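The form predicted alone is given below as one chain in structure tokens.
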Amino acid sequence: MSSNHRVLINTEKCIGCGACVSDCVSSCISIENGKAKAGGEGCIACGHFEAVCPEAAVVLTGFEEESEGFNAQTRLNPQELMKAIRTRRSIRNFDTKDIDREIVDMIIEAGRLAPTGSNAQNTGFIVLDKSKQELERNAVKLFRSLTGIAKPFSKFLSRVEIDDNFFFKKAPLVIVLTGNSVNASLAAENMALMAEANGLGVLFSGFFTVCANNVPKIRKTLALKRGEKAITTLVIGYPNVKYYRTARREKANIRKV
């Protein structure tokens, strides 16, 4: 746990219910003399004990934001969610209309709130701004040289034109996520769902992610540190295409063991 974070327990509020003890993943809280007591090493500052306390008697300090109270967890309608998942598509044809700053902030916030292993909170969000066109030009240059070599061996590459907008498809927003592969992937899916909830379309650009990790000039522009890795790239904008039916999928590969 960071030195910025401390577990504070208000013994006057604490009713000794033990909810914080049973929900603490690091076993860093105990009940003594009918009251919660913080102690022991290994706290990962996940905040579960604060969230589960019915009397707001346990507080984890060191954050800029305040904890928000609620009476019941918000649940999505299962049928509506399934319909949204079935009808979503990867978008490769975008309108150039700008995205409001409030929506961009909401998309990043959805990623920030995604779970991370051991509460690492180590996902980074690189929003391509003034460097977006330069980065795409460098990536396009690389792919044109590579596809020239690979075309004789790939039917896909022999048909694909690497135009000037090959990576970002004229979309107004591109966000590169860095960090742990699982954590950043969870954040990216949260962000994609939030973007789509705001009427936007999303493309997961694996091609640009490869360039971000392997082209020194692109890594330098993204300010990627030694050992830091781009996990995925979200290309986001208002769709300039409309779909009328779902795409078919193979059956799920399910095994019981």
Ligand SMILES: Cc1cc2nc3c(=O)[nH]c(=O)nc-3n(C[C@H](O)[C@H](O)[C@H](O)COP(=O)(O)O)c2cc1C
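The first residue of the sequence shown is number 1, and the count goes up from there. These numbers come from a predicted model, not from an experiment.
There is another form of the same protein, the form predicted in complex with the named molecule; it is not shown, and what comes next is about it.
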With the partner omitted here, the residue among 203, 211, 230, 200 that in the predicted complex has a heavy atom within 4.5 Å of the named molecule is 203
Name the single residue among 133, 90, 122, 181 that comes within 4.5 Å of the named molecule in the predicted complex, judging by heavy atoms.
-> 90
May I ask you to state whether residue 249 is within 4.5 Å of the named molecule in the predicted complex, using heavy atom distances?
-> yes
Which of these stretches, 76 to 84, 134 to 142, 104 to 112, 90 to 98, has heavy atoms within 4.5 Å of the named molecule in the predicted complex?
-> 90 to 98
Taking heavy atoms and a 4.5 Å limit, what residues of 112 to 137 are near the named molecule in the predicted complex?
-> none
